[in-house]
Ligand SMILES: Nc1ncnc2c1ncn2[C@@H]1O[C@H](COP(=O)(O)OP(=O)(O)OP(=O)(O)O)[C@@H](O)[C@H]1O
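The chain below stands alone and is given as structure tokens, in the form predicted alone.
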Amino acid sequence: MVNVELKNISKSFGPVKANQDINIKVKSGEILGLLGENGAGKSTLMNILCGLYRPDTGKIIINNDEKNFKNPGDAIDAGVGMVHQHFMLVPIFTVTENVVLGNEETGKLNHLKINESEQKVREISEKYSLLVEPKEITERLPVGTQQRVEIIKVLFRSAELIIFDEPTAVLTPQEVKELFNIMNALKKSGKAIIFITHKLHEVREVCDSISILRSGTIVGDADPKKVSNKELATLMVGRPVNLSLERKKK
């Protein structure tokens, strides 16, 4: 079980305030949607949570314990994993070699325990219906399957909170549907999930709650079962939005 809270997080890059006094919470068995336009500060906030950036002010609290992540390794040790929009895979490596990269188990004479690692990858794949062959060369895999390798990487490192950064941007509609099935399986297993997106229908479909980020600030929270796309869009951009398309008569 995991309970994660970001309290009063702020981050600036020179004169640019990327995040300002942000508060969000997520716990085991929940999917939190972090919704906002490109440049709203979503990725900066999650890069703080996964140890890539350090906040100027604010606290990261996991299971009532304040964390001070100096690097991504600290975040991983605390159970935080991130599936990045741009995959961090070595094309010529096998699935298992990519999964264990940087976290290799070795035996006598520093020989890699590849068989044991392949078995663990297979077990994770089967448990969460990720359907990945551990011995397959990564560059031969379709994009959706490569994303599954990234998911297995964070699960291999025992992540309890998984951050998905714009995960549907590179997927086909069928692959998006499969990803949402995977996210729901992770949720049912007790994982906490933060889903970063700017797509209104997706955040309403898969999330349990939504926090809307605009210009580096949380401007509202919403129940996906009660809020409309129009209401979300208005919060995102700060003005009324007309989502209907009118066709001119010829």
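All of these numbers come straight from a predicted model, not from anything done at the bench. Counting begins at 1, following the sequence as shown.
The following text describes the form predicted together with the named molecule, which does not appear among the structures shown.
Of the candidate stretches 23-31, 38-46, 57-65, 178-186, only 38-46 has residues with heavy atoms within 4.5 Å of the named molecule in the predicted complex.
For the candidate set 166, 118, 150, 160, a heavy atom within 4.5 Å of the named molecule in the predicted complex is found for exactly one residue, namely 166. Screening 172, 71, 129, 85 for any heavy atom within 4.5 Å of the named molecule in the predicted complex leaves a single hit, 85. By the criterion of a heavy atom within 4.5 Å, residue 18 is counted among the residues contacting the named molecule in the predicted complex.
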